[in-house]
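Single chain ahead, written as C-alpha cells, the form predicted on its own.
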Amino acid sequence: MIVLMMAVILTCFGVVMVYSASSVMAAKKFHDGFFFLKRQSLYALIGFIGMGVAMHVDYHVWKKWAVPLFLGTFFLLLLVFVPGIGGTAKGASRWIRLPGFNFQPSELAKVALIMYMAYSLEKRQEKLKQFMSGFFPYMLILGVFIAVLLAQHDMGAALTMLVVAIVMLFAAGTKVQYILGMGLVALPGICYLVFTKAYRMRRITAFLDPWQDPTDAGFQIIQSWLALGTGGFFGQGLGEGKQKLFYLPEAHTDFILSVLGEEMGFIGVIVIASMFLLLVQRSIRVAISAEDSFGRFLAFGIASLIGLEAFINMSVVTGLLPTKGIALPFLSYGGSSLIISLCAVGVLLNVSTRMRGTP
C-alpha cells in the first residue's frame, strides 16, 4: 500500500533527521544529545499505534463523532487562553500544557474540521449552489475558528484551515464565483491583519528582501538558503551539516528541510518532495474511488491538508513564501503534528479498504 509506505518511510526518516538537526543543541541545552530523538521516537510510536487503530475503525464511525469532535476542539482552542493551562512561546499562545508534553489543539482542529465538513457536505451538497443556505454558513463557522486562531497568533493554522475548507467546498460543487467573491471581501481584512501587526510586516519585508535586515527579520531565510546552497547536488553527508550548529533557527522543526538539503543535497530534497507528491496523488485516488460521498470528502480533505502543509513548508524554506509556523508533515519535530498526521493517514487507509484497487 503506497500511502502506508510513504507515511512510514517519511516518519522514520524524519526521526533520523530530527536527531541530526538537534543533537548538538540538545546536548548544550539539556545535557542529552538524544533528548529530541527519544521524544520524537516516542511520538512516532504513539502515532503508528494510532494509525493502526484508525486503519481498523470503520470510517463511517466518524460521522457520529464529527460534530462532538468539532465542538470539542473549539473548546480546546479556547483553553489555551486559560492561565495555568495554556502555554506561550515567542508571543504565541498555541499550546495546552500536559505533563511532559505540550499539546497543540490547532493540529487536531484541522482534522476535526475535515471530518465535520465531510459529514456536513454529504448532507448538504445539493444546497451548495445557493449562497445563503449553502456557502455562507460554512464561512461563518470558519470565521469563528479563524478568529480564535488569530487571537493565538497562529495565522499559519488559520490560513491552512481556510484553504482546506475552500478546496473541499469547491470539490463538493460550490460555485467558483462564491469563492472568488469571498476572497475579494476577505482581502481588505487580510491586508489589515498584516499591516497592523509589526511582526507580520517584518515577515513580509524579509520575504521581499531579507538582506535589508540580515541579522533579524531576514536571518532565518538567509541561513536556510546558505544551508541549501552548501548542500549542492549530493549534500555534505548525513550529520555533517553546519547551519544547524546554532546558525539556523528552528532547525529541527519548521526548517528541517534546510538541514536535509545541506546534508542530503538537492537529490535528497527532490526525493522527499516526490514522496509527498506520490502520497497526495494516491490519497486523491482513494478519494475518487471511495464508496460514498462522506469517504470521498474525508479522503480528499486529508490529502489536501497533507499536500498543503508540505507545499507551504517547502515554499517557506526555499523563500517562495513568507515565514509561517507550519511544520513539514511527518518530518518536523513535534508530537501534536506527527501523531495527528499519522492518525489521519490511518483514517485515509480505512477509506481505501472500501475502494477498488490498492492506494
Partner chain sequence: MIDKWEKWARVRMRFVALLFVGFFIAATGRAFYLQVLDNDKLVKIAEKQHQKSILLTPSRGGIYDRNNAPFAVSIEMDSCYAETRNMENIPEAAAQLAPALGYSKDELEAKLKGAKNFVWLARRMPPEQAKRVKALDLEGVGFVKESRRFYPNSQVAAHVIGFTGVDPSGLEGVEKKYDNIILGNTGYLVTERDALGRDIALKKGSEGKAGSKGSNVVLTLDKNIQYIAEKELTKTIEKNGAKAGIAIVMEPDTGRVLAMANYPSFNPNNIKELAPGAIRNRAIADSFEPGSTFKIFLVAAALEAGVIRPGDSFNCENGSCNMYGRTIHDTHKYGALTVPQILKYSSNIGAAKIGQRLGSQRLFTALTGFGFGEKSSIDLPGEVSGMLRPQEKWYGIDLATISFGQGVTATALQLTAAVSAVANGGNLMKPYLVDRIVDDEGVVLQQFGPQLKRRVVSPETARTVARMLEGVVADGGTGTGAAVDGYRVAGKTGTAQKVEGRSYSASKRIGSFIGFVPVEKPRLAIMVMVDEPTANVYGGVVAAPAFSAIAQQSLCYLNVPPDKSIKKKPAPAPEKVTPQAEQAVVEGGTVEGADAGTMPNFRGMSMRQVLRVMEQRGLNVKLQGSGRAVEQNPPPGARITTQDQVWVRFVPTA
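Numbering follows the first chain given and starts at 1. Bear in mind that the values here come from a model prediction, so they are computed numbers and not experimental data.
Just so it is clear, the following notes concern the form predicted together with the partner chain, a form of the same protein that is not shown.
Only one of 128, 76, 141, 159 comes within 4.5 Å of the partner chain in the predicted complex through a heavy atom, and that residue is 128. Distance criterion of 4.5 Å from any heavy atom to the partner chain in the predicted complex singles out 277 from the list 277, 85, 184, 238. Contact with the partner chain in the predicted complex, defined as a heavy atom within 4.5 Å, is made by none of 11, 23 and 332.
Although the partner is absent here, residue 72 is not a contact residue: none of its heavy atoms lies within 4.5 angstroms of the partner chain in the predicted complex. Among heavy atoms of residue 137, none comes within 4.5 Å of the partner chain in the predicted complex. When contacts are judged by a 4.5 Å heavy atom cut-off, residue 311 counts as touching the partner chain in the predicted complex. Contact annotation for residue 173: at least one heavy atom lies within 4.5 Å of the partner chain in the predicted complex. Proximity to the partner chain in the predicted complex, taken as heavy atoms within 4.5 Å, picks out 219-227 from the listed stretches 219-227, 109-117, 143-151, 187-195. Taking the partner chain as it sits in the predicted complex, the stretch 272-290 comes within 4.5 angstroms of it through a non-hydrogen atom at 273, 274, 277, 280, 281, 284, 287, 288.
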